[in-house]
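Single chain ahead, by itself, as structure tokens, in the form predicted on its own.
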């Protein structure tokens, strides 16, 4: 007797607002999920970094030590450390529990736009307006980076790390992928300043947003254009883009107060989230669940595929 195949569930869209968190740290420059998605980091123009519970929206810790606004942050795989970067030209390594500064890394000649740990949190990668990407080994007390990548001809706006590969986006209109294991550099020319780059979840593609108001999906190995996504507004600000946790949708911030969500394969607009009346500066998708964080002005909003269960509150 043959049993019917289970019906595949349609991808879930994060179109229900679950809660709004007033971060009270000036403008929120970036918002990020931690490794397991239970917590979030908000980067403030008031020079602070804050750790929150996503499910309750409660503040757990405030990290103070930067001399100017915090622009990006990342949590380690084991949730014990946080790295952050700032307009003060520094990268800071924090102890999550104590809130103390573990290391303050200096060397960039201008504001640091983007920062991320490698997979086992032994190296911090930072990209700066000084056109360089710096790799800092945090296992040792040496003050200098172990490697400086200076191929960019303009500000490095975004860095992402995936196993042995490093992806960078620059205002010079190029997406650079460094294969650290093979010692190779692959370059894709977009011809418009890049604001954000990321890998797909399956590691086969790269996604990049640029100031011509277009998101591009490229085959990682061949550079072939697999998809273009337009309709949002992005011609002045450094805005985030990302893929959903199952690579079914492409999401982007927009200067018109919305987050746009496209079907990855069809390229059609699946939904348009009304976040607010200002520029949506940052977003972050949950690593395993259909949940989305968005940052607009001084607020962070949590979105889900299902309405909030008020009985569970």
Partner chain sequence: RGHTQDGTTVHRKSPQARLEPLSHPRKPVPIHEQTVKDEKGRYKRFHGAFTGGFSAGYFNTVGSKEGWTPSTFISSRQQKAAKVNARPEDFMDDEDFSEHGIAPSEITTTEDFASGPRDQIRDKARALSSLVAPIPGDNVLEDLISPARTSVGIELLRKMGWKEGQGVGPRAKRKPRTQKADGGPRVYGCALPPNGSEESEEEDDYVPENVTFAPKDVTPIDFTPKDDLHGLGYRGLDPQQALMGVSSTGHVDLFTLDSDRTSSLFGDNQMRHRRRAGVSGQAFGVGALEDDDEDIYHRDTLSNYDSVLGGEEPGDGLYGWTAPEQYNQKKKASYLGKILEGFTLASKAPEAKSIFPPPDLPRDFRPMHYFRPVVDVANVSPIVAQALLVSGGQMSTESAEKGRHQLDASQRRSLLGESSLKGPTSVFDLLDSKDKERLEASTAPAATTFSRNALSSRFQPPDSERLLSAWRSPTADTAQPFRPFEKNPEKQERYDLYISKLKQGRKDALESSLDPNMTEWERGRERDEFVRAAMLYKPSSSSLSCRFTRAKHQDDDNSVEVPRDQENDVDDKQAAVRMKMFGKLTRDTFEWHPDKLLCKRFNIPDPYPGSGLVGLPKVKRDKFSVFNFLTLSDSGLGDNGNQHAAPAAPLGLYQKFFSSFFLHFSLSNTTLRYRFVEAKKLFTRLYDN
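What you see is a predicted model, and the numbers here were worked out from it, not measured in a lab. Positions refer to the first chain, counted from 1.
In what follows, reference is made to the form predicted in complex with its partner chain, a form of this protein that is not presented.
- Remark: all three candidate residues (163, 174 and 181) come within 4.5 Å of its partner chain in the predicted bound form, counting heavy atoms only.
- With the partner omitted from this view, the residue of 155, 118, 200, 81 that lies near its partner chain in the predicted bound form is 118 [heavy atom within 4.5 Å].
- Note on contacts: among 71, 135, 96, 129, the single residue with a heavy atom within 4.5 Å of its partner chain in the predicted bound form is 135.
- Listed stretches are 81-89, 143-151, 236-244, 107-115; the contact stretch with its partner chain in the predicted bound form is 143-151, by a heavy atom cutoff of 4.5 Å.
- The shortest heavy atom separation between residue 232 and its partner chain in the predicted bound form exceeds 4.5 Å.
- Contact between residue 223 and its partner chain in the predicted bound form is found at the 4.5 Å heavy atom cutoff.
- Using a 4.5 angstroms threshold between heavy atoms, residue 211 stays clear of its partner chain in the predicted bound form.
- At the 4.5 Å threshold, heavy atoms of residue 218 reach its partner chain in the predicted bound form.
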